[in-house]
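Quick heads-up: it's one chain on its own, the form predicted alone, in structure tokens.
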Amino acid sequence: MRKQFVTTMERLLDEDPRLVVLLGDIGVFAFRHAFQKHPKRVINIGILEQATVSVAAGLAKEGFIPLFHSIAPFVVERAFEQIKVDFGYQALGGHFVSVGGSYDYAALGCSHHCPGDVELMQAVPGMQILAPGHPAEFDSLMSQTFASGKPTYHRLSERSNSEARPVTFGKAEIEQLGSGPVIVTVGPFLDRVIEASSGSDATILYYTTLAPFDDETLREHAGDGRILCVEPFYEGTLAASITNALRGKRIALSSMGVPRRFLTDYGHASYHDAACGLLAADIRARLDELRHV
């Protein structure tokens, strides 16, 4: 997705003189051509994340469309107060693009883990939150939201699904319809959910827009209210969105995601998937449990 991110930004830099890309000493080499072509609109601020968000807010006040890019814990957790006050409170438009969410950079340890980013961004009223599952989906969603005038968080992953879906901002994609439980899943988890539900009667709803949450599609296909949410960040992050969408309806909600504890081991992200119980076999087992509720 990072390669597509750079390609998309290079296109938008050429198309719209309002775009200013601010880097937190991440992706500098990848943007080397953009630095040469647009030296006044691609700027490496350095490891000054809080200040960079405030600079971005100033640019937004002057009519520019700022975009800040760094690793998830540095974009969201380190600069959260500035995002809340400078963008959320002032209702300014701009883009925050992260990589490495949850434990994509598992080998670098806890300082580079960030499974709480979406939950934090949900706490900023008016924040749009996107989690594409394929590079082409990022390109589409960025194009759809680029000039929205609202603060927008893009959660990029080092991993992606095998195929892109024709995603629409604010809408869930109906991947599979069935008469059994409903699986709500997000971004790069779609492929393993499909594998886990192979041969089953589950309905699969694929979300790439997390805020605003598509209540209508979930209500329409909620069936008997048995819902399994498979999310690539802290488990339970989307629980409030799901229960609010189905308010007044009796539901049985089971959430699977990153456990709410510090992950102290090192290794590839797939190691943590197994340790956190997020493999296809684990999803299938939870789905089978939900059938007996």
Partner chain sequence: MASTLRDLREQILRAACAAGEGHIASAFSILDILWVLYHGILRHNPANPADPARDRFVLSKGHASLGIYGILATRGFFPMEELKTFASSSGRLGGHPDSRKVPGVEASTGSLGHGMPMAAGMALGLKIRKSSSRVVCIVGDGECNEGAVWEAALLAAHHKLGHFTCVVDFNHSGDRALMLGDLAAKFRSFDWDVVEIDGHDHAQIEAALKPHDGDVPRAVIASTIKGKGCKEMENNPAWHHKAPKVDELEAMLAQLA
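Because the structure is a prediction, the values reported are computed rather than measured. Numbering follows the first chain given and starts at 1.
The form predicted together with its partner chain exists for this protein as well; it is not shown, and the discussion that follows is about that form.
Chemist: Even though the partner isn't displayed, in the predicted complex is Phe74 close enough to its partner chain, meaning a heavy atom within 4.5 Å?
Modeler: Judged by the heavy-atom cut-off of 4.5 Å, Phe74 is in contact with its partner chain in the predicted complex.
Chemist: Residue-level question: is Val55 within 4.5 Å of its partner chain in the predicted complex, judged on heavy atoms?
Modeler: So Val55 does not count as contacting its partner chain.
Chemist: I'd like to check something about Asn44: if you look in the predicted complex, is any of its heavy atoms closer than or equal to 4.5 Å to a heavy atom of its partner chain?
Modeler: Flag for Asn44 set to yes.
Chemist: Since only the chain is shown here, I'm wondering whether Leu108 would be in contact with its partner chain in the predicted complex (any heavy atom pair within 4.5 Å).
Modeler: Yes, Leu108 lies within 4.5 Å of its partner chain in the predicted complex.
Chemist: Only one of 59 to 67, 238 to 246, 225 to 233, 24 to 32 has heavy atoms within 4.5 Å of its partner chain in the predicted complex; I'd like to know which.
Modeler: After filtering at 4.5 Å, what remains is 24 to 32.
Chemist: For a quick test of understanding: in the predicted complex, does each of Tyr89, His95 and Gly170 have a heavy atom within 4.5 Å of its partner chain?
Modeler: Not a single residue of the candidate spot has a heavy atom within 4.5 Å of its partner chain in the predicted complex.
Chemist: Any residue of 249 to 274 with a heavy atom within 4.5 Å of its partner chain in the predicted complex counts; write them all down in order.
Modeler: Stretch hits, in order: Phe262, Thr264, Asp265, Tyr266, Gly267, Tyr271.
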